[in-house]
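As a starting point, one isolated chain is supplied in C-alpha cells, in the form predicted alone.
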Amino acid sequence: MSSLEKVATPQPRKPWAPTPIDQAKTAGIVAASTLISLLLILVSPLSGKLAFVVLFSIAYLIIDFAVSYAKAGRSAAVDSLFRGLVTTAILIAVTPIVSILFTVWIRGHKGLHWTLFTKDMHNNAFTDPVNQGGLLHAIIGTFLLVIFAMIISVPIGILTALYLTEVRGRFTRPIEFLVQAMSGVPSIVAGLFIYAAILIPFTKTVNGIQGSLALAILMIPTVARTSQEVLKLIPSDLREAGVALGGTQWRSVALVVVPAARSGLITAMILGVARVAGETAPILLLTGGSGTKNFNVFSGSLGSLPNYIWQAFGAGTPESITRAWAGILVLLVIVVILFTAARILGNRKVGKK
C-alpha cells in the first residue's frame, strides 16, 4: 500500500478532555471575570494584586455557575462550582509559595557576587558595601552543624523505625506517641533543653556541637516517621523468605529489609536535613554566630546561614538588608535542592537498585 493510500487513523478523544467549545467558553469566562474585577477595583476602595485575585475568583465562580446552569442544568452547575472551588483552593495554596520564591529572588540576587562564597565577615561589617565580605563562614558552619546532627539523629531515627516496624515490642505504642509528639515540638524548646542540660551545667560557653544536638532533636522525629512509612512498604514475603532460609530476625532485617528500603531511608535522611537546615532559634541560642571560619564544632563560636541572616537584618542598613536577602536566597536554594533530591529518590520503587 502506497503512502497516498494510507489513511491516518483518527485518535479517540478522551471523554474528559475539553472540546473547542469548552475552551472557548472558559476563555470567555476568564475575560469576563477579568473585566468585572478591574471595574470593581476602579469604582471601589479595593486595590492591589490581592484584591484583584479575590474579586477574579468570586466573579469566575459566579459566572461559571450561571453559564453551566443555563447550558446543562443544576447538576452541571454544582459540578462546575465545586470544580472552581477546588481550583481556587489550589491557587490559594500555591500563591504564597510562588510569591516567596519570587520575592526572595528579586531581593536576593542583587547581593550575589563571587566573593560572597569565598570570603567571610572577619574583616568586614554588615554595613560595608555588598561586594565586600561574604558568607563562606556561614556555609561552612551550617554544613558542620547539619553533618554532626545527621551523625547523631539518623542512626537513632532509623533504629527507632526498625523497632516500631520489625520488632513491635511492648513499648511500640508509647514510642510512636513520643515520636509523633516530638514532631510538633517548637525548635526553641529543643534549644532551651540543650541550653539548660548542657551549656549551663557543663560547657559554660557556646559552640557548634550544642547546636547540632538541638538540630538532632528536631531531626529524629522526621527521620523516624519517614523511615517507618518506608519500611512498611517492604513486602512481608521478603521477611518470611529470610526466616525460611534460617536467618535470625536481626540478620533478615539487616541483610534483606534495610537494603530493600535503601533509597527510602536515604530520602528520610534528606528530608530530615531539609527540616533543620534553616532552623534559627536554637542556633542563635547555642552557637554564638561568629563571623570567622571555624572548623571545630567543639570549641568556639560558630557561624551559620540563619545567624548571618539575623545579624544582617539587625544592622538595618540597605547594604546589610541586601546581604540578608542574599543569604536567604542561598539557604532557600540549598533547601530546594534537598527537597528535590528527596522527591527524586522517593519516586523510585522501594528496593529498586
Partner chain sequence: MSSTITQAPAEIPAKREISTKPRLSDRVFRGVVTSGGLSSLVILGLILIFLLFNGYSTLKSQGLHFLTSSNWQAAVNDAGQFDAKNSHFGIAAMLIGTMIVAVIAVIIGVPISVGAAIYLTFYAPAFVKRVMVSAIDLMAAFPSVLFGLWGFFVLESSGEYWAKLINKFFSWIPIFQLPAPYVNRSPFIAGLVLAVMIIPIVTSISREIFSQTPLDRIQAAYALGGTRFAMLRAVAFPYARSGIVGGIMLGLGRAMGETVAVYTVLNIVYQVNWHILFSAGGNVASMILLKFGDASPYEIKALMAAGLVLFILTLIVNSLANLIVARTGKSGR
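Residue numbers count along the first chain shown, from 1. These figures come from a predicted structure and were not determined experimentally.
Keep in mind the form predicted in complex with the partner chain is missing from the figure; the text below concerns it.
Only one listed stretch (118-126, 270-278, 142-150, 232-240) carries heavy atoms within 4.5 Å of the partner chain in the model of the complex, and that stretch is 270-278. 159 is the sole member of 112, 159, 106, 255 with a non-hydrogen atom within 4.5 Å of the partner chain in the model of the complex. Not displayed here, the partner chain is kept clear of residue 262 by more than 4.5 Å at the level of heavy atoms in the model of the complex. At least one heavy atom of residue 83 is located within 4.5 Å of the partner chain in the model of the complex. Contact check for residue 331: a heavy atom falls within 4.5 Å of the partner chain in the model of the complex. Though the partner is left out of this view, residue 24 does not reach within 4.5 Å of the partner chain in the model of the complex, counting heavy atoms only. If you take 301-323 and check each residue for a heavy atom within 4.5 Å of the partner chain in the model of the complex, you get 309, 310, 313, 321, in sequence order.
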